[in-house]
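Two versions of one and the same chain are coming, encoded as structure tokens; call them structure 1 and structure 2.
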Structure 1
Amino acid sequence: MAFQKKDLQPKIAITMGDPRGIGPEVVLKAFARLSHQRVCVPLVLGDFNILTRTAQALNLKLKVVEVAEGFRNFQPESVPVLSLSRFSGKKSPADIPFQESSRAAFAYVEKAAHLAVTGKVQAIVTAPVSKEAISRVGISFRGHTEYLAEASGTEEFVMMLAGQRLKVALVTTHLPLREVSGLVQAERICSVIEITNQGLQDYFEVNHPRIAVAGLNPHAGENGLFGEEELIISQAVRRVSQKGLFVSGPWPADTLFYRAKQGEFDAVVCMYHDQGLIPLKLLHFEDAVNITLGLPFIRTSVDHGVAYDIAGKNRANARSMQAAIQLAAQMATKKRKSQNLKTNNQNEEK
């Protein structure tokens, strides 16, 4: 990545994730790797004591700096932190109280959403939290994607997982598998295809995206032999194709992802969570990025969980966090340039 002028760098809020998990470790490792090629003005929403202890334990040449709300340009080796919790810096991750850790993890996300909705940041990058842990302390939380959509009043949004060789977008996200069939609806599938198409154009410089749509049932239903959901999917594909989009399907999922990996398609629209994430993680377990398309702001995330079992052991891989920060900065920069171009064109027309 190349340097940008500081006044052009996007402001990005980075949540620390669950204090009991690997979030603090991957955030700091990503900062260390990006310290001399930073293309954003970052602000970590988390815990100053935990990040300070973690940086020392990892022997990273980073200076954790506590700041009040607001963004400033620091030296590349600095990690500016808006501390929204205050845990003891002497405690290991496992010693942090479960309930307090879960509430803090949600507070970081809540603050990030507020900063984004009010326009104080152009992007959010989220470290992992446990949906189960947050829910167990009485907070309604199905995941970052759904929460940020609700916080921003966004009705139509798409969860995309992106790697260099494969990109998948989901029609349904965090739901029991038994509920998926009833939510395979033409309107929703059309929306996912169109938002995915726009996202590929806006952020990945694909002028004419080739989008494949997976069937729900084995062999894409075998013309109704194994299910009728493919009739609904076919209806959606035809409807979107009539608008000029390059979309095809429904294709049998057992061969589709190989075809996408070989370069036949730019993205695959999947009917349910694991249909897309299993092949995505097989190819990009360490460097995939979770993107929420359709929000009024940019949001990327790591594509892994809290990994409580290795927290505090210097075993966490930070490649996904590093890629998430880099991609968020690139997306924010492209969005700003696009908006400036649109404004200039409108002024010229006047």
Structure 2
Amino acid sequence: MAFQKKDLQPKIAITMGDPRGIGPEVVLKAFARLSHQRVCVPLVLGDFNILTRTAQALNLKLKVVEVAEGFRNFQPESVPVLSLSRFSGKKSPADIPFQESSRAAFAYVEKAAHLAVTGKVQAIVTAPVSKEAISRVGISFRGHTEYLAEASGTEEFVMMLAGQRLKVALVTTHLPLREVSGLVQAERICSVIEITNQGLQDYFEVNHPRIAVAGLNPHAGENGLFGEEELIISQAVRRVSQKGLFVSGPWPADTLFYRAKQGEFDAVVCMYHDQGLIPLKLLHFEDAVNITLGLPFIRTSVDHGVAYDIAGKNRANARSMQAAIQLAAQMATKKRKSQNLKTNNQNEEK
């Protein structure tokens, strides 16, 4: 069965993020930029009044439309919103009550997870929320990624940061640096390599991904002179190589990202947050996208925070949100293509 043209546009839920932050602004700016090349059938989970006011304040040629659950094709300049909160449309971000906005920010994510888990959307794109703000109103929330993993019963997942020239996947994320060494474990490294490999195949159409694994210590330990975690990393690399994956390392981290940028590798598996984020943000300061791999659905996110200090001032840069939406749409299209291919192959084999 071939897909009908209208089915090819992936359905994507986009959360508005913290109403007091720059989420509403970057979502609308991204819509404005993408309106001439509608890449998906979007549904914003957020607040109708806030989005309407923000679109007016930004003087954007967009029509914010309140919709019930479900997807329809709108005019390109429309922003279909499932309104899950009712704030006053007259208040500036800083005047929105903190408790209500934190609860609302969580409600948008909760709804997005539900739509994705039940297959009503192929992808979720998230605008920033504050973990701290949501936790303070009594909701247990360690971050989008962890919440979406739990909501979908996913145990092993990977945070990947992606730009055109560099993709990094993290073995550990938000931890004190002193705890990293103890978490360099072969099981986890193998799992990150395999999920990264699968992600590159499913979503980026790289048939045989070339994955580099960074060492932990200076000069990748220089044969044990500056640390021995590289033995564990080597073991993991060997184990995964034996399954036929094109994986190499541990490589000295200081020269590795230059090599990846030059096209030698499709992705770099990094041992800790800043090892991956320093080179990623140096190359892709504005347009990096945060991807969660390993979930049963696609999830991308902006690569910045709520930025309360500039909210409502028309100063937020929407490039990361625009890239996150475009990438989610591309990933959904590629995944559908590869699944379609598999189905066709299976049918032929019968």
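For residue numbers, the reference is structure 1: its sequence is counted from 1. Superpose the two forms; the largest set of C-alphas matching within 1.5 Å is the rigid core. Since this is a predicted model, take the numbers as computed values, not measurements.
- Note on provenance: structure 1 matches the form predicted on its own.
- Core-superposed comparison between the two structures: the C-alpha position of residue 110 differs by less than 2 Å.
- Put the two forms on the same core and the Cα of residue 239 is off by less than 2 Å between the two structures.
- Core-superposed comparison between the two structures: the Cα of residue 163 travels less than 2 Å.
- Taking the core as the reference frame, the CA atom of residue 221 shifts 2.9 angstrom between the two structures.
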